[in-house]
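Below you'll find only one chain, the form predicted alone, shown as structure tokens.
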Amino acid sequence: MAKLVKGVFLGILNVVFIWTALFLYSSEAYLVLVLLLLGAALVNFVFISERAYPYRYLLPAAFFMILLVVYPIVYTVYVSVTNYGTGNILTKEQVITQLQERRILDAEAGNYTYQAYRDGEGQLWFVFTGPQGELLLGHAGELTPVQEGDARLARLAEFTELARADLVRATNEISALSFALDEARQLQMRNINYFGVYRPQYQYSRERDELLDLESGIIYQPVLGYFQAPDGTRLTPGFREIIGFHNFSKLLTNPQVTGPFIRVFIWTVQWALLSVATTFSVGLFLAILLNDPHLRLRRFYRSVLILPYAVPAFISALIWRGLFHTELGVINRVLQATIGSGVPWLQDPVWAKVALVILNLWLGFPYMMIVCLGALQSIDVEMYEAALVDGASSWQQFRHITLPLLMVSVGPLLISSFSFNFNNFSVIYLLTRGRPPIVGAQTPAGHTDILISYTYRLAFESGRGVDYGLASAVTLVIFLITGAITFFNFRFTGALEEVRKNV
């Protein structure tokens, strides 16, 4: 029975593999096709061979790890070394096809007058009269020379001839039609009265990998994802191309990119440090107060102070955005009633950063309070009793007993919190959206942008279009920084374990 189930499962899986492989082959996605075939062979080997039996349990986890972790990383690295973005979405072959399909009017060929008819099935028929009086019957993109009295012309009498008003209403339909006059030239609608002869504007040479403008004689060669003339003029659209470390060098050498990037990076570090410092300080202070056994209503205070942690962060952020509103916000109304003036919370760069720190403090202190409260309750009371006997003050007890032992448990969490706030996209985007903007920046950078929100805006909110290549380069920088923080976290955790042994 087990073999039957395994056989049915493999049969269904192989049918899916074959169907996907045929689709990839028809789409000319050969690299993905090869990877699919290798994966299919590996799956069949693991489930058929008895020697590979242990790997059956590792295969699903490995598959999802490759799909959800390895592949996104590899693809991000690939995009970071390309010019992928607005204006460079298509492949080179697609761009060449588009440019070769562009046509210009051949003024020397003259104009063709026409009469249009619609048959019983709604299809259009045309009778064109050329500059020399020649007649052409046009239908379904094809032209047929005819003479006066031709039976095919007589057949048009059975159709409905379009009056001028009908031609105006059908302008969009007619202008989309083209009729092959010869191998290169086509008849296309020029205006409501005439059709004109249009010829190709560009000709591509695969041997020389260049594009010739048949009208001006200018030769365009591929340069960084565009066909470019000797004077620097570029044809659009461009195409995707590997440009090496150009995006990374842009981050380091282009002042209009480097300046905003450095400012965003510095604020990202400041933001993460301020977030950790404020939430930990307030959380620890409240935890010390709530850890006092003589405090009345301790359970009530704990329940109330944990409420900000229970409310979803995006709801809290939107509520605080309303509270910080310059004209209608409650905070500014209170300030105007007390000191006579409000604060431009979301318009001024400094006050916008202050507003973000306040919001994140509201969201983060309950978590720190809970963690610190648990860590405080795990410290042996006998240590404090011994310290009192030795004459230690409250500050000395905190400095030499509470804080070192607290850091053993909380230290790794502080580093993890720093890493989390380093990429805390939701708070930044929901409250300020990275605004106010940095004046003169070539990229969409704001004073309150952190690297992750800056990357998002590079990819999706640039006024001149998206730049996936540059956004991926910034993403890799974030990945390296976060990886370094994680490495430091492991080292710091080991150092704290030594502290535990010595206390």
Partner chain sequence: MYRKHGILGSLWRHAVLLVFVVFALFPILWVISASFNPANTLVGQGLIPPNPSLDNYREVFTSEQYPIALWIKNSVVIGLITSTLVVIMTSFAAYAFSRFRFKGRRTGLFASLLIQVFPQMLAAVSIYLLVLSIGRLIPALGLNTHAGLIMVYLGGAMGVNAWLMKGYLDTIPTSLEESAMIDGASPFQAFYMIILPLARPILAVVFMLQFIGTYSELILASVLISSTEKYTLAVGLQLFIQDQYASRWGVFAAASVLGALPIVLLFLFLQKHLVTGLTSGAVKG
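Since the model is a prediction, treat every value here as computed from it, not as a measurement. Positions refer to the first chain, counted from 1.
The form predicted in complex with the partner chain exists for this protein as well; it is not shown, and the discussion that follows is about that form.
- Looking at Trp362, you'd find a heavy atom of it within 4.5 angstroms of the partner chain in the model of the complex.
- For Thr448, no non-hydrogen atom is located within 4.5 Å of the partner chain in the model of the complex, even though that partner is not displayed.
- For Ser394, a non-hydrogen atom is located within 4.5 Å of the partner chain in the model of the complex, even though that partner is not displayed.
- Although the partner is absent here, Arg208 lies well away from the partner chain in the model of the complex, with no heavy atom inside 4.5 Å.
- Only one of 264-272, 179-187, 282-290, 148-156 lies within 4.5 Å of the partner chain in the model of the complex by heavy atoms, and it is 282-290.
- This chain is displayed alone, yet in the model of the complex one of Ala229, Ile370, Val343, Leu143 has a heavy atom within 4.5 Å of the partner chain; that residue is Ile370.
- Contact with the partner chain in the model of the complex, defined as a heavy atom within 4.5 Å, holds for exactly one of Leu328, Ala107, Ala337, Val389, namely Leu328.
- If you take 14-53 and check each residue for a heavy atom within 4.5 Å of the partner chain in the model of the complex, you get Trp19, Thr20, Phe23, Tyr53, in sequence order.
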